[in-house]
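This document starts with one chain, in the form predicted alone, laid out as structure tokens.
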Amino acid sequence: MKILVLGAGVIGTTSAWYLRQAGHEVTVLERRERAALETSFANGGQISVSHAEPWANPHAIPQALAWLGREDAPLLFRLRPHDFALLRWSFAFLHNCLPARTRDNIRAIVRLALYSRAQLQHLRQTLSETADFNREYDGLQKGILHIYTEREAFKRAIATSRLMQNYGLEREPIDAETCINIEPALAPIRHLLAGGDYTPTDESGDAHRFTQALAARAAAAGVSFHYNAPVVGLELHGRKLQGVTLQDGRSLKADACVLALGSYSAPFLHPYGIHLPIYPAKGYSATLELENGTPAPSVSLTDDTHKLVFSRLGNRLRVAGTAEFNGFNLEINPTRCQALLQRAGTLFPDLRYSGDPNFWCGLRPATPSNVPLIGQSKLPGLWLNTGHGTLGWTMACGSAAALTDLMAGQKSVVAFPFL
């Protein structure tokens, strides 16, 4: 088939790669000048199946209420009467906080994430036959360690870990001393640690560098990338997709189209009567250039209490996380940036870095359930691969591989609630 992929983030680029490997003629259309310049640019850098517990869970409501009025809150809702999209999304979020819904969502996320991690490992092995692909994106296979500084949060995490183990994930609760054995940089805060859990099979790395490296290989394999090419609409014959229209007036025909526009997927489809339950969740990151010899973590960490992650990317440390629901606003809030540095200083009091931190924010395409939307849309010929929230890179390879199977009329090997 002749397939157009809209968007060259990590989701769109992996989609293009897998579709091309299946023999399709693939063209990627991206509004920016290169791949991975938006949500995939400076995210947390984790391949984190262990982070499969959705934001919507029974403990989210009391947490959100406790954080009301705090500009540095890990989860910040800026509810406004005229923002009907956020109001609808928030009601659906509350529904997904029910225990039964949370369990179903965890099961779906874990299954897709495990499949995706395996696909990434196979992809890395394949691409490393000619060069060390792992090094191109500062990939580390040292696992992910979740740490807890509140005893009640640690107790809840033990129950979550057991649930994920039932779905096939190796996530083991451990005591504070074991946390320090895994990551010695935590030794100065031994007195703060209530415990943790460790998933040795999780990974970390730079999603931006990964995406650009994969885009280069996809282009060499025959994928056509068109940058600075915003798509403004779909071309339909009745209700069947025929192609797309670009901002410069050009028309491109195709047999099928894959929508991978992240948070912008929902407004793009509104004119066609398709209302996707996706809302932008603004996340922040700070990237620090480490001084030689500074005691910094080498194992990727998740600080569940503050909804932050710490990933070592070569000689850089990426601190990222939080979620601010404030529409498509991309202004950087200094208070939220400083909260990242303050927590990093608390957990790693001897950390030293050179120069100023590189602050960034991006819009993660969040569904109320944290379960992404993958499969055939209501418009024949239009396929969706979007709504991955904070787990875009974690789920990217698996989502692309599964979508490729579905578009070929085959059943995907992963048990997931596809559209």
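Everything numeric in this text was worked out from a predicted model, so none of it was measured. So that there is no doubt, residue numbering starts at 1 and follows the sequence shown.
Although it is not shown, the form predicted together with a small molecule is what the next lines describe.
Picking from 65-73, 371-379, 33-41, 349-357 the stretch near the small molecule in the model of the complex, with a 4.5 Å limit on heavy atoms, gives 33-41. Using a 4.5 Å cut-off to the small molecule in the model of the complex, not one of S50, T199 and V299 places a heavy atom inside that distance. The small molecule is not shown here, and in the model of the complex it never comes within 4.5 Å of any heavy atom of T367. For the chain shown alone, Y264 is a contact residue for the small molecule in the model of the complex, at least one non-hydrogen atom being within 4.5 angstroms. By the criterion of a heavy atom within 4.5 Å, P54 is excluded from the residues contacting the small molecule in the model of the complex. In the model of the complex, none of the heavy atoms of C97 sits within 4.5 Å of a heavy atom of the small molecule. The listed set Y284, W89, Y137, Y115 contains one residue whose heavy atoms approach the small molecule in the model of the complex to within 4.5 Å, identified as Y284.
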